[in-house]
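Next comes just one chain, in structure tokens: the form predicted on its own.
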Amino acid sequence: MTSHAPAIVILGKGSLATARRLQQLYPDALIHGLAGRVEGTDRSYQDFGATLRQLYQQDTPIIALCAAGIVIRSLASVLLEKGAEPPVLAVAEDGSAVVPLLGGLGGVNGLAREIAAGLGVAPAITTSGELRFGTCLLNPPSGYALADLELGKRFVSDLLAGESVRIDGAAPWLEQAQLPQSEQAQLAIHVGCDAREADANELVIYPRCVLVAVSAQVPELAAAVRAALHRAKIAEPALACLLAADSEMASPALHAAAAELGVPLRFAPAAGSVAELAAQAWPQLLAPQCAGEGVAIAVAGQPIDPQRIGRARGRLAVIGLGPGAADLMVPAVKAELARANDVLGYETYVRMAGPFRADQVLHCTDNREEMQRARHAFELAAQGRSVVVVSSGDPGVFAMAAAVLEALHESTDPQWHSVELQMLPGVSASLATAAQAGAPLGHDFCVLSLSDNLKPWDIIEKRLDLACQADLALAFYNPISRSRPWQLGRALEIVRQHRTPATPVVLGRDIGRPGQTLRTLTLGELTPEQVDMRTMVLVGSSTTCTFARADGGEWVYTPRWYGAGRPG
């Protein structure tokens, strides 16, 4: 089964009580409720079908409290080959029925049994093999891999037709299964890591019990690993992970090889040779054998848990939440928050990013502690953790991306520089406000922070004057605060030297958050008292226009043509 916590998706208030019961079974699961129809959920969504498709494509198990047909129709356009599906179930809103729909090889029937037991009902399992034998032979437990799905289907069909079976190798999960076993059976379930020719009379299951220690210096590394396994007569699906020295943690060749082989990449302190590296990382392994320059194979007596081998490369993602509304947060940011071990940021923004699982650690700090926060993030990521630094809007617009890069630039710690670092964009406050108003930033524009906490005021004045001379539309961040009460007034004096009083101005306060307000006025009407720290100020250029909206408001836009009139 996938390691993701399930998503519980509901359409109305009538399902909320059952959703809460399911959440007691799966404390890390989030309840997704349809906006406007149900309150008190962990996440709100606008479109049921789009939400289900996004969860499905992220390999998230789905428990939908609605009719089965709605779920199937919603997912029809994205259904994958069987074997690559997360579990998908439909549960009656009163909890009276549990119907597994998709993900037979992803553990959906096991999930159905757990849910049904928790709700006190019988699961509607229809899979013949599971009903007859009490287990899905084509879905071995974590740590094991099925050799050939198509041959496996034929094998199960033969069993269902009355054939008996013998088990070669250790298959402890089958001890309680109701299999028709016989030592003389033609059909055999073979469990082992040795490479074997495909045979219709065998169901081959490989324990992932092989570790290969490698060096980044090996050319065509994935091919070299495959060749070493072939020479050792070991099946590739038995490979559990690659192991390399932590001094090579940032090597693109290592990560490319692990991705091509489809296995985790782990790291341990450098040793004298790759064989010694393997032996040092996990003493329970049988003696590692060199299989060529820079490659050593080690086999364990049981499946290997890669999480217990060395450590992963740490990851640090600097994310932008957008203006605050959940539906304006980009999917990549949502996925990053879901995988994070640690979340750092200004407390207001961290709370906006939630809800969080019980195992996720929150590190909330004051908004003025950016460099301290950035350094702390690298310290955590250097331990092999997955870390997120939260910004509102876009992290590269007056936010944490620059601080994180500055902290890294100043550091000589090789572990910090080995961390996988990524910036994930968000919808900035200026763009969110502009979108609400129409397109006031539809032509060239300038974004300025009026805060002189980190730069001299005379620089702000100079830049503002030049931007006005260039006739750029303007977006003001940090326009005013209790500690900076006069700066906006002075900025408007400069703007008025270059703009007419009729120039359109947009004030967006808390756009994308509860209680948002949007107001359109003119430069002549604008006073500093109409603005606070949570207001985005957009000032038009000489070509910015307004016209009436049908709802009584105004559209504001800056046309893309420039000069005396529209070309052509």
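Start at 1 with the first residue shown and count on from there. Worth saying up front: this structure is predicted, and the values here are computed from it rather than measured.
Absent from the display: the form predicted together with a small molecule. The rest refers to it.
- The stretch that touches the small molecule in the predicted bound form, counting heavy atoms within 4.5 Å, is 474 to 482, out of 414 to 422, 91 to 99, 179 to 187, 474 to 482.
- In the predicted bound form, the small molecule sits within 4.5 Å of a heavy atom of F398.
- The small molecule is not shown here, but in the predicted bound form it comes within 4.5 Å of a heavy atom of S392.
- The small molecule is not drawn, but in the predicted bound form it has a heavy atom within 4.5 Å of R509.
- By the criterion of a heavy atom within 4.5 Å, S541 is excluded from the residues contacting the small molecule in the predicted bound form.
- The partner is absent here; in the predicted bound form, the one residue of I297, A238, A429, V388 having a heavy atom within 4.5 Å of the small molecule is A429.
- With the partner removed from view, the residue among M533, A50, I70, L521 that has a non-hydrogen atom within 4.5 Å of the small molecule in the predicted bound form turns out to be M533.
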